[in-house]
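Next up: a single chain in structure tokens, the form predicted on its own.
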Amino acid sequence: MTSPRPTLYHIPVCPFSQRLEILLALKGLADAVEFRVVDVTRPRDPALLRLSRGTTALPILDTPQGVLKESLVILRYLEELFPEPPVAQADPYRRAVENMLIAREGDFTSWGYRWVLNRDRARDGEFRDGMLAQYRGLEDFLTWQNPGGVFLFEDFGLAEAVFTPMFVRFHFLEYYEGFDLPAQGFDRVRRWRDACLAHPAAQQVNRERVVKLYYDYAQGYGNGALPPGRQVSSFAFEPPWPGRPWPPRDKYAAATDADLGLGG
């Protein structure tokens, strides 16, 4: 008898589930896991809360053996569950180098999300400098390990699967904060970022979807919370995001539901 597929519960446009989608796409196993989207604008289903042991953080993976949490844990579980073709480095030293780069992702992600959530104009420079420092650290690491290359090693691998969803999400920094890498001093990390964004295995989410759905983050409200005066979250399933107008770039001038194509 065939074992049931693992089921992944995740929220719309979740970067932490996209890294799992990327891994499976690289393996040619997109259907090996069932992905179930959770509506973040509604209270959690009691059955899902039982699976997650009362926590609301997603994604979680329901397997025949039990439930797994934390996307990096799930990523490595899927890499071992479906070992062919390998995405992570097999050589112990190269795997350690890969893990050193992956260890930088937490701070990188934190700076980007804290910046888009920031509502204090006086701190914009602080966040811009912090984000540049993160990219500068990646520039240094990639130049140290593979100065003439594109990816960390020869091909798009596990480190790329971890970082690429964040590069996709940080389209919101370009749109709402006017941020991009300076022309000088970031050639190596720019080459890496652009190749990651263009990779065929990483096309689950595009810039337009990120910008439209993350508008409420730019208002300082994440994960389905509503900004004052609004009735519909930018993360709502309806109306579908492709038919909505692009949000205003000025995040300090709050848009209405009608402005965002959400009714009202």
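Note that the structure is a prediction, hence the values are computed from the model and not measured. Note that residue numbering begins at 1 and tracks the sequence as displayed.
One more form of this protein, predicted in complex with a further copy of the same chain, exists but is not displayed; see below.
Note on the partner interface in the predicted complex: the residue among Gln203, Gln231, Thr56, Gln65 having a heavy atom within 4.5 angstroms of a further copy of the same chain is Gln65. For the options Arg191, His171, Arg95, Arg128, the one in contact with a further copy of the same chain in the predicted complex, meaning a heavy atom within 4.5 Å, is Arg95.
Figure note: of the listed segments 159-167, 118-126, 99-107, 174-182, the one touching a further copy of the same chain in the predicted complex, with heavy atoms no more than 4.5 Å away, is 99-107. Contact with a further copy of the same chain in the predicted complex holds for none of Asp31, Glu84 and Phe153, as no heavy atom of theirs lies within 4.5 Å.
Mapping the unseen interface onto this chain, Glu70 counts among the residues with a heavy atom inside 4.5 Å of a further copy of the same chain in the predicted complex. In the predicted complex, a further copy of the same chain lies within 4.5 Å of some heavy atom of Asp140. Residue contact with a further copy of the same chain in the predicted complex: Tyr77 places a heavy atom within 4.5 Å of it.
Residue contact with a further copy of the same chain in the predicted complex: Asp91 places a heavy atom within 4.5 Å of it. Heavy atoms closer than or equal to 4.5 Å to a further copy of the same chain in the predicted complex belong, across 154-186, to no residue whatsoever.
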